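In the form predicted alone, a lone chain appears below as structure tokens.
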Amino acid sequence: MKILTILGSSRDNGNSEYLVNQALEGIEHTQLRLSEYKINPITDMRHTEEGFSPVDDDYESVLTDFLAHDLIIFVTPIYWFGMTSHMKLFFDRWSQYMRDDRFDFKMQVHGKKAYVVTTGGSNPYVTGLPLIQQFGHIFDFVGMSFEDYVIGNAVKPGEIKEDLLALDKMKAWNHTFKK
């Protein structure tokens, strides 16, 4: 099984990244840090005769890596009670590729296993649930299998090391991924 982590944070080595690193310790995987790629927003042209215009950026290489993996872990801190702009833009661009004749996007993502790692403050176990639901709706729409998620309670760098429940869950994921 080929594993990919998609890191949506604008900060390197943040709390969400720490968690996913615990889950994947000793496991071969690929990591994409969205902030390292030039990904432009698009104008919604789904309902026009001409359709979407080509975009000169790095998105297609990110998409190609995404499509080449079976298990995807989406990693994003909770920013203003939602996913980061990097992660949201990654998903927004799916609209373009669902209408690109070079791809059979929904067929290519159907059945991929999806996991979500997120961290935040302000009672994240409650305030982070709408974000988890959003991921669930996205995965349902394209036929991905939403396997599991973790919400960590941390804001400042390193605080996640005090969230023993989240760390225990990452140990369990690590055991599952090694099978």
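Since this is a predicted model, take the numbers as computed values, not measurements. In case it trips you up, residue 1 is the first one in the sequence shown, and so on.
The same protein also exists as the form predicted together with another copy of the chain; that form is not shown, yet it is the one meant from here on.
Is it true that 41, 91 and 130, all three, sit within 4.5 Å of another copy of the chain in the model of the complex, judged by heavy atoms?
Each of the three qualifies.
Is residue 172 one of the residues lying within 4.5 Å of another copy of the chain in the model of the complex, judged by heavy atom distances?
Although another copy of the chain is absent here, residue 172 would touch it in the model of the complex, with heavy atoms inside 4.5 Å.
Do residue 83 and another copy of the chain share at least one heavy atom pair within 4.5 Å in the model of the complex?
Because a heavy atom of residue 83 falls inside 4.5 Å of another copy of the chain in the model of the complex, the answer is yes.
Taking 4.5 angstroms as the cut-off for heavy atoms, does residue 148 touch another copy of the chain in the model of the complex?
Yes.
Should residue 161 be classed as touching another copy of the chain in the model of the complex when contacts are defined as heavy atoms within 4.5 Å?
No.
Could you list which residues of 4 to 26 come within 4.5 Å of another copy of the chain in the model of the complex, counting heavy atoms only?
If the 4.5 Å heavy-atom criterion is applied to another copy of the chain in the model of the complex, 4 to 26 yields 10, 11.
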